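Okay, here we've got a single chain as structure tokens, the form predicted alone, with questions on binding and movement later.
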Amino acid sequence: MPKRYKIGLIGGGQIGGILALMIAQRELGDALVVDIPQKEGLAKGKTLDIMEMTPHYGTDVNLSGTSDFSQLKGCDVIIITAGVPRRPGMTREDLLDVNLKIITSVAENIKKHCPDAFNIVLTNPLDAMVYAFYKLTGFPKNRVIGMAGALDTGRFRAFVAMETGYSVEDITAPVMGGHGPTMVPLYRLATVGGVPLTEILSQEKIDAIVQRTRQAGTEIVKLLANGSAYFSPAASALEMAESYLKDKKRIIPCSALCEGEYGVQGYFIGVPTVIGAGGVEKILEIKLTPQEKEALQETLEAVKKAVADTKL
């Protein structure tokens, strides 16, 4: 009998609810949505609604909501979405103080009730929050990762597809660095069906796509006017979780702890990672141009500043 996985979703807001829906649609495993006592009804209501949807999809999963962290016992994967979302005029760093308190509480509970899971952090400011979670739990580096590049790469690919009209399936467009405006979209390595992007689009159009990728989250925040993106972050996190659960060895740019890779020491930053049954199994190093190295150093300084603000 194949193993039936258990996935813990910390936070029952927009991303948490969509994650529960996607898990049910893919029949990836059973899911438990955990939220604060004041929002326990929201977690229970969303999961019950999805359970009542499963007959229409023909998927057999068990979903439930709770405010009791002890029910996370036995989870294979934990996806942390808890935190205050951005609103117009706010930067990701504006969220640091309030979300650090939330991550501290979450880290304590996961360390107590679910110490062996693979942990994916989505809370902003991403690179600082995944660093804080790692420090507060003391978990090994292969079992703690931040979403960052997975989402940024998806956005880069989407914008290339929208501009060219070609299938997004055939587009590769990696993004490295911090999850914010200093991220480094590596357009030099972007391809469409194996053809370099630089041979398909003008430099002017590529530059515009790069800039839009860097500002993609802010663009959505402005359009929504009362929150931040949720569909694409949920899909990105699930892509990472699935690679771990199915030992797929996907190469996904994620915020992983670097210990010398790319000259980065002791910080979580977006790099190409191999995700398999061992968690973060390897960080792949790309030979960067001097200009790309300079851009990566700039994004590292932004990450360092955010991490310093955590005082951990």
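Note that residue numbering begins at 1 and tracks the sequence as displayed. None of these values were measured; they are calculated from a predicted model.
This next part talks about the form predicted in complex with a small molecule, which is not shown.
The contact with the small molecule in the predicted complex, taken as any heavy atom within 4.5 Å, belongs to L151 out of V160, L151, M176, C75. Comment: the small molecule is not present in this chain, but in the predicted complex one of I102, L238, L96, I209 has a heavy atom within 4.5 Å of it, namely I102.
Stretch 83-91 is the answer when you ask which of 190-198, 133-141, 164-172, 83-91 has residues with heavy atoms within 4.5 Å of the small molecule in the predicted complex. The small molecule in the predicted complex comes within 4.5 Å of no heavy atom belonging to T213. Mapping the unseen interface onto this chain, V34 counts among the residues with a heavy atom inside 4.5 Å of the small molecule in the predicted complex.
By the criterion of a heavy atom within 4.5 Å, V184 is excluded from the residues contacting the small molecule in the predicted complex. The small molecule in the predicted complex is not approached by C114, whose heavy atoms all lie more than 4.5 angstroms from it. Contact check at 4.5 Å (heavy atoms) against the small molecule in the predicted complex: none of I145, V264 and I269 pass.
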